[in-house]
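Given as structure tokens, the chain that follows is alone and in the form predicted on its own.
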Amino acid sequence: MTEYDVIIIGAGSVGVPTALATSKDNLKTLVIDTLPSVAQADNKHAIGGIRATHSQKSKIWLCQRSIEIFSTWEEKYGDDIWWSQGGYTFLAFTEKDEEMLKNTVKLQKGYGLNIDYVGPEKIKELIPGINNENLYGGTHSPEDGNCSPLLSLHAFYRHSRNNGAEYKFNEKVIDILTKNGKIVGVKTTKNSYKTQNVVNATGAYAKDIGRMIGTDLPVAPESHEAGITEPVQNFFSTMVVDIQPAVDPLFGDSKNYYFYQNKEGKIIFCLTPKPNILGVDRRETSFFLPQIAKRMIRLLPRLKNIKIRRTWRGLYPMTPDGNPILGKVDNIEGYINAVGMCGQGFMLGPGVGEIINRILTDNLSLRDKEIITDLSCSREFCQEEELK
């Protein structure tokens, strides 16, 4: 039976960057996934936004490192992953939202982020044609950006394999093997593998893997829908985030929504439903498109004649406070969580992968230790992130 230094369960937004980090550090790495190839679960449903402008310091730090990796990838490795540093713009249409965003900017600046609260005139420059009725202003963070989730994950996958990482697809983990409170291996539908370390990077199915070691992970998947338009000439580059809720008695209420224009000129958009839709149903609905189209056209009227190519539905693995769960657990030695990314696994993945590798190699910095404490499975989950 082959023995590995680490087995990663899940070949998605978190598992693949983790394999890249561990294999680069010469750890014998195996990644196991139930699907036929890399990035076939919710990575391919991600819209590609990447920001460090969170309100929780550990997420800020993790995403700052992710942005470094994404933004320098083509220069270092030669792969075009469609990185575009167009920034993020959060809009305020009420005094309450303006106050919240201004307070958040103070916190974010304290952690070294390049972000400012700007007035309506600057917003109109960033989003030409915006309906500025009742617009107070918003935040703009020019160093945030976007890139292709599929191109990125396949680039990470190729380089991790070049480093020696192995992948097993169409194979489901059915048990984590332990002895005297320590990990000794993994059993799948096809084989058994020896290891002393297992990383749970299974996204929406994290809870199922946690149960195998007697841990009840507070991760609950929710359905979110997204869509993409035909390509048109590029006229804005920022990710637009409208945080005001909407009441729609015909098609259903919603919370925030967000959209940007990619390198091909296609506009990619997503919406947060209200109430949240719990479960693992990935079937598209009939109400999402009229919900979000109405809101987007009201905000940016010039969108009204652009044709929509397709919509899709993916899963956000949510935690009670909107923050990930990272690190070891008390009851089993060798088990590590990298779960509960709350729909932000793509932007968090590279930073998370590196910190998981430093856990495995016992090379944690003081900042790493602070992040792991903040995001521990044993935390109280009482402080919800403002910009989750």
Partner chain sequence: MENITKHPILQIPIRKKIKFKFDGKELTGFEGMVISSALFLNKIKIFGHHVRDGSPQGIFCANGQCSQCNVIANGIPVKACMTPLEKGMIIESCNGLPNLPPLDTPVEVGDPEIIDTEVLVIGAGPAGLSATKVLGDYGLNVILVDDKDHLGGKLVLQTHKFFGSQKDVYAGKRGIEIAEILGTSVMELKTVNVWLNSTAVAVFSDGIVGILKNNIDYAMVKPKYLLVATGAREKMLVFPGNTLPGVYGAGAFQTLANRDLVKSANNIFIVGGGNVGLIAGYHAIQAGIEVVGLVEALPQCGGYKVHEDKLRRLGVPIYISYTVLSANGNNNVESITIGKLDEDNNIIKGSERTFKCDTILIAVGLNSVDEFFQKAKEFNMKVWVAGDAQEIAEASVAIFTGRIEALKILKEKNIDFDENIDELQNFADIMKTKPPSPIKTEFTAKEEGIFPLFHCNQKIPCNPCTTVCPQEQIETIDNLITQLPYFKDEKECIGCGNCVAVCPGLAVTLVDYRKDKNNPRVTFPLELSDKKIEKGQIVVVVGNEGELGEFEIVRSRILPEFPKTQLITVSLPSTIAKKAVGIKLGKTSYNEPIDYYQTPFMDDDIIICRCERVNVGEIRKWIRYGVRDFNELKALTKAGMGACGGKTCTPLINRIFCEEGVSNDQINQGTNRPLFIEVPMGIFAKVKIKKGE
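All values reported here derive from a predicted model rather than from experimental measurement. Residue numbers count along the first chain shown, from 1.
Missing here is the form predicted in complex with its partner chain; even so, the following discussion is about that form.
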Against its partner chain in the predicted complex, would residue 301 count as a contact residue? Criterion: heavy atoms within 4.5 Å. yes
With the partner left out of view, is residue 254 within 4.5 angstroms of its partner chain in the predicted complex by any non-hydrogen atom? no
Residue 26 versus its partner chain, in the predicted complex: is there a non-hydrogen atom within 4.5 Å? no
Determine whether any heavy atom of residue 356 comes within 4.5 Å of a heavy atom of its partner chain in the predicted complex, and answer yes or no. no
Report yes if all three of 174, 176 and 277 come within 4.5 Å of its partner chain in the predicted complex by some heavy atom, otherwise no. no
Based on heavy atom distances of at most 4.5 Å to its partner chain in the predicted complex, which listed stretch, 29-37, 61-69, 341-349, 359-367, is the contact stretch? 29-37
Using a 4.5 Å heavy atom cut-off, which residue among 142, 218, 290, 164 comes into contact with its partner chain in the predicted complex? 290
Contact residue in the predicted complex, from 158, 182, 187, 122 (heavy atom within 4.5 Å of its partner chain): 158
In sequence order, the residues of 209-237 that place a heavy atom within 4.5 Å of its partner chain in the predicted complex are 229, 230, 231, 232, 233, 235
